[in-house]
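For reference, the chain that follows is the form predicted on its own, supplied as structure tokens.
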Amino acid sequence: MERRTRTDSFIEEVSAIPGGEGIRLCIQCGTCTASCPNADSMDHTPSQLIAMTRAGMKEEVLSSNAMWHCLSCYLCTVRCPRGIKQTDLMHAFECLSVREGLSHGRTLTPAMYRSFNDFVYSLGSLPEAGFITWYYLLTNPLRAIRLLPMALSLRKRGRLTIRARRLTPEGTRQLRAILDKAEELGGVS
């Protein structure tokens, strides 16, 4: 009779999320960590996260800051000898972290993701100035005030839009269907 361990269930949970399939292929060569320009900012390196996942250390992995420091530069993915899409794996960890309520306390990235999804879902577009204002009001209103001179400079040069282009009603319906399907597949909004 086969016994299912806590380790196996965490690996299966990670593997079930799009991007997490490569967790079983890792040979622990460390290429991902050596390639990562942000590894020194992470409390656990990418290869350590994989080893910890295999050891069943769910809480430690999902409360780590590592996935939130991933720059999505894909250096790890390009250099991996096993073809593991490490960046996608980091996004799978982010998804599980938010779902389990274990997001690293000092990261604001989940708030940005939620703000982005809320704006796009409700408006069908993303007015940059409105989105950034909303995000900073939710996370750090004083920083929004400090960034005002830069925002005005960007606006003056035509690099910051106040009004976003609206989608057609059909386009908005299709976009909402895509976002709903992404959430159904394991994305978190």
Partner chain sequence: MRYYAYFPGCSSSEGGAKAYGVSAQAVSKALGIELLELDDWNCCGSTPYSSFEELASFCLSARNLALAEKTGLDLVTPCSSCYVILNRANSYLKQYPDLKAKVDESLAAGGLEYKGTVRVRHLLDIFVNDIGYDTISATVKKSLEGLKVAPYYGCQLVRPSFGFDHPEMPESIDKLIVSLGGETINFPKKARCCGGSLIISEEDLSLSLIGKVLKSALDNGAECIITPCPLCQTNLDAYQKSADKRFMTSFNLPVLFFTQLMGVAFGLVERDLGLKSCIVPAETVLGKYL
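Residue numbers count along the first chain shown, from 1. Source: prediction; values computed, not measured.
Beyond what is shown, the protein has a form predicted together with the partner chain; the following relates to that form.
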{"property": "Contacting member of Met52, Leu154, Leu138, Ala144, with respect to the partner chain in the model of the complex [4.5 Å, heavy atom]", "result": "Leu154"}
{"property": "Heavy atom of Gly130 within 4.5 Å of the partner chain in the model of the complex", "result": "no"}
{"property": "Distance check, Ile27 to the partner chain in the model of the complex, heavy atom within 4.5 Å", "result": "no"}
{"property": "Tyr121 within 4.5 Å of the partner chain in the model of the complex, heavy atoms", "result": "yes"}
{"property": "Partner proximity in the model of the complex: Val98 to the partner chain, non-hydrogen atom cutoff 4.5 Å", "result": "yes"}
{"property": "Any residue of 161-179 that, in the model of the complex, places a heavy atom within 4.5 Å of the partner chain", "result": "Thr161, Arg165, Leu167, Thr168, Gly171, Gln174, Leu175, Ala177, Ile178, Leu179"}
